[in-house]
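Given as structure tokens, the chain that follows is alone and in the form predicted on its own.
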């Protein structure tokens, strides 16, 4: 099959067509509040007090989001506290994003009449950019232009039996078509890492997978804890999962069966197509922004049952610029959040579909959303600030 997407000058293809304003702050918020078709990142961290390594990680997220295929053009402003650091200098961000061929404009309150002047100029620029972007038309392209990121969460027995296998089928299909697929959550492959090692494309990839697990276990031990007693979390246990190994064996089903081409850092972009493991944390308010920064033009959250009953899923788009799909195989979760769930694979448990049939239906859902149909989360104007995956102490 194929989907309808926006062709970019660097050869990538967008499933959406946004103007991005970065970093966050009053200038970015004012521009995005005023101009339709714009996006900005919401985060709890500006880089102040962070180490150089963590600031570089923040920069990788911002630059990666700017280079995402779903972004037509970018405005970078110099009013954030973080831009005083060389890693986060507005000029550096703008230059590296512009290298992808996108139009990038720089706002500087010191040169543009202060904050109010920069807001005015930003609104004027954004309106022109959105207008220019609106002239683009979707074109039919092959699935090789898809890059998908996935996370599973609130895992329960339905996750490993039906939900994650459906995603795994989707991943195999996208990779076989020449596309890219990202999966991660290092703490949630512990106990199943050998199964992934056997799928590593090279011995070096296998070693990186094992190294990622060792680092996480050593960090836990340094606090006096065994991560295998901290995880699974209470919602997992309530959902029928008895050990971290059991949770991990169910979680890795979402990666399908293709060879693993490499191990990426958080927000790192792959250099070639295929399936990649991302060494990241399990929090969905960080993981999806990292996937989008790595180039994902669509992201997917495969949800279990814990913590959902009695509430709807109101998080808008923690991926910032990529369509964000909710999926579940849990009948209770689906019933409690029908207005938020894009895909339901509990049909496998109910006996009306095989895992492959559910996976094929998920594939068609993804193609439909990639071609322009809104994900349920995209109908909301609300989103929560992302929590970037930063690993070093703050001073």
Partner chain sequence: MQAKRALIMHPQDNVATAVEEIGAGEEVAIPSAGDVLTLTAAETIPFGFKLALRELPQGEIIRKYGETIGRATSVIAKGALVHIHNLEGTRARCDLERGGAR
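Positions refer to the first chain, counted from 1. Remember, predicted model here, so these are calculated numbers, not experimental data.
Not on display, but discussed next: the form predicted together with its partner chain.
### Message
Against its partner chain in the predicted complex, would residue 37 count as a contact residue? Criterion: heavy atoms within 4.5 Å.
### Response
Contact with its partner chain, no.
### Query
Hey, in the predicted complex, does residue 356 get a heavy atom within 4.5 angstroms of its partner chain?
It does not: once its partner chain is placed as it appears in the predicted complex, residue 356 has no heavy atom within 4.5 Å of it.
### Query
Hey, in the predicted complex, does residue 211 get a heavy atom within 4.5 angstroms of its partner chain?
Because no heavy atom of residue 211 falls inside 4.5 Å of its partner chain in the predicted complex, the answer is no.
### Message
I'd like to know whether residue 117 contacts its partner chain in the predicted complex, with contact meaning heavy atoms within 4.5 angstroms.
### Response
Close contact is absent here: in the predicted complex, residue 117 is far from its partner chain, nothing within 4.5 Å, heavy atoms only.
### Query
What stretch, of 334 to 342, 41 to 49, 62 to 70, 348 to 356, brings heavy atoms to within 4.5 Å of its partner chain in the predicted complex?
Of the stretches listed, the one contacting the partner is 348 to 356.
### Contact residue in the predicted complex, from 256, 82, 191, 295 (heavy atom within 4.5 Å of its partner chain)
None of the others qualify; the residue that does is 191.
### Query
Which listed residue (111, 137, 272, 198) meets the criterion of a heavy atom within 4.5 Å of its partner chain in the predicted complex?
Contact with its partner chain in the predicted complex is made by 198 alone.
### Within 4.5 Å of its partner chain in the predicted complex: residues from 248 to 287 (heavy atom criterion)
Sequence-ordered list: 249, 250, 253.
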